[in-house]
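We begin with a single chain expressed as structure tokens, specifically the form predicted on its own.
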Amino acid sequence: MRTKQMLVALLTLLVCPCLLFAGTVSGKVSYTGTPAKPKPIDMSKEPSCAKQHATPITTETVVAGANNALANVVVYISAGAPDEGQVPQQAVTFEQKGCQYIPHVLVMHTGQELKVLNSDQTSHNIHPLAKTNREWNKSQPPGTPPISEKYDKEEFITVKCNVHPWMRGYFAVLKTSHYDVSKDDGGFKLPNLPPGKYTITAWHEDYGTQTSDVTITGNETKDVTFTFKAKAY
């Protein structure tokens, strides 16, 4: 087994020697100030969804964690990464469950298949409000097959449900596979970066964007932090 693993690693390096000197950008996204408190969502008009939540869920516009951590921030290489002509073969999934979008922010590569699932006992009407890409609006009754779509151009797209007005999420369509979404602790990681100069962009649905330039010279890890200013109540 060890010999097989070594052969696989050798073949990988032969295909892409740059991985011999692949660096990583990692860090944390945080905020200053006092963010608006999440608002409870009233699902009483949709009992089949309400009963799926032991306690009422809240809005996800700002998801703050301990030590001023900020979650749901898309961090990606916006300049400097080699052109990636190969689109990931695996589809990304956007699930409607408990009258929520899971995940709240979904990142995908341009041209990558998007599958939208309805796991609820009620109908949804998924409506991504694209401006650069083609806008579409499709009804999805319970028990129906997944909706399959693709986006050809980079764009951050607001998604809503015309049936349940509290349902809101986002598609982040990028031309790179070098991305991450900050976790509850604000952490993110962008591995496998060959030597070069990169621009890292952090996008938040309410706080906007920030950028940082980083130079990778070898198999090193560079720390980058983004700090957003919270909007007043």
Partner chain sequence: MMKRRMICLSILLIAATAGSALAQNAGVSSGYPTPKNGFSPAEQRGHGLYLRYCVLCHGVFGDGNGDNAPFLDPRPRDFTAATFKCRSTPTGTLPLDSDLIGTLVRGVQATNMPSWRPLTDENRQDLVAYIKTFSERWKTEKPGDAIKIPPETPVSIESIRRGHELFQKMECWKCHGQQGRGDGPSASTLTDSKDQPIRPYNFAMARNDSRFKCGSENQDLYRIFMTGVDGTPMPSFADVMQPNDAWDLVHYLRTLQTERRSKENEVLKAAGGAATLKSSENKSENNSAADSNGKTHSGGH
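Positions refer to the first chain, counted from 1. Here the structure is a predicted model, which is why all the values come from computation and not from measurement.
The following text describes the form predicted together with the partner chain, which does not appear among the structures shown.
**Student:** Work out which of the listed stretches, 88-96, 107-115, 68-76, 155-163, brings a heavy atom within 4.5 angstroms of the partner chain in the predicted bound form.
**Tutor:** Result of the contact check: 155-163.
**Student:** Within 4.5 Å of the partner chain in the predicted bound form, do we find a heavy atom from each of Thr122, Asn125 and Asn137?
**Tutor:** Every residue of the spot touches the partner chain in the predicted bound form.
**Student:** Does Pro82 make contact with the partner chain in the predicted bound form, using a 4.5 Å heavy atom cut-off?
**Tutor:** No - in the predicted bound form, heavy atoms of Pro82 and the partner chain never come within 4.5 Å of each other.
**Student:** Do Lys197 and the partner chain come within 4.5 Å of each other in the predicted bound form, heavy atoms counted?
**Tutor:** Although the partner chain is absent here, Lys197 would stay clear of it in the predicted bound form, with no heavy atoms inside 4.5 Å.
**Student:** If we define contact as a non-hydrogen atom of the residue within 4.5 angstroms of the partner, is Pro47 a contact of the partner chain in the predicted bound form?
**Tutor:** Yes - in the predicted bound form, heavy atoms of Pro47 and the partner chain come within 4.5 Å of each other.
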